[in-house]
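Only one chain is given next, in structure tokens, and it is the form predicted alone.
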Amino acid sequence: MAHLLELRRLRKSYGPGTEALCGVDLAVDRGEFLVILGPSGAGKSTLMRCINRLVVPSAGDVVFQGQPLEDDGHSLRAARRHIGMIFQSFNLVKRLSVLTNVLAGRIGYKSTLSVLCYYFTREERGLAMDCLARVDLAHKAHQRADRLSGGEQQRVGIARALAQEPQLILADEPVASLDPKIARNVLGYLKRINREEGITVLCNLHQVDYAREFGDRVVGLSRGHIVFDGRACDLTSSVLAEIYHGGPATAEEV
């Protein structure tokens, strides 16, 4: 069976001496929960944003469901419908209701006029409520998003991604701003969705303990290069030293 996602010699440069990705090759199978692990500046966010073309790669290919992602409007829009994105900063419209924020996940399926008028069908509203129920927030559907805690806002972000009915969810440091208890709770929802619905998840993290706890597979990224690709249980001290470039891993990283 073909891989769901393939990156082939993916490169991204922001100018002379600022190469964020250095020829990355990566294949991701359906149903994986894959953690991209590395410190700040390793290229993790650039990698995610190249996959869904929020950032245009300098070279190389992104192949999704067997088709190269091109920068033309029609095919890229069609592919993005099936690639959900969860952001570190939540990216909710705070003045709108929780339900309306989740319905934003349907924008890729809507006409411009429908979006401008906030027109969504009864079926789409039902789907959004089901997505909120998956993260235990259906009871807050009609509250303003800015009345939620950080952990709740990120769960809305997960529900919004689910509303796209995606094949792949990209989660870019989704728990970086949350305390450890809430972070594990949020990652637990992502893991459960991955297991129960078979949605592939790529999750950027810099915390090694979360990678060990939630990742089926871990890819270590350092200065734009993949330096490890294997099981979470194989994240030894020497591997972590290579990922984090500083000798033995610190207590915070381990």
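Numbering starts at 1 and runs along the sequence shown. The structure displayed is predicted, hence computed values, not measured ones.
What follows is about the form predicted in complex with a small molecule, which we do not show.
Trainee: If we define contact as a non-hydrogen atom of the residue within 4.5 angstroms of the partner, is A42 a contact of the small molecule in the predicted bound form?
Mentor: Residue-level check for A42: yes, a contact with the small molecule.
Trainee: With a cut-off of 4.5 Å between heavy atoms, is A20 one of the residues that contacts the small molecule in the predicted bound form?
Mentor: Taking the distances in the predicted bound form, the answer for A20 is yes, it comes within 4.5 Å of the small molecule.
Trainee: Using the partner position in the predicted bound form, report whether T46 sits within 4.5 Å of the small molecule, counting heavy atoms only.
Mentor: Result yes; T46 sits at the interface with the small molecule in the predicted bound form.
Trainee: Among 195-203, 225-233, 33-41, 208-216, which stretch has residues whose heavy atoms lie within 4.5 Å of the small molecule in the predicted bound form?
Mentor: Of the stretches listed, the one contacting the partner is 33-41.
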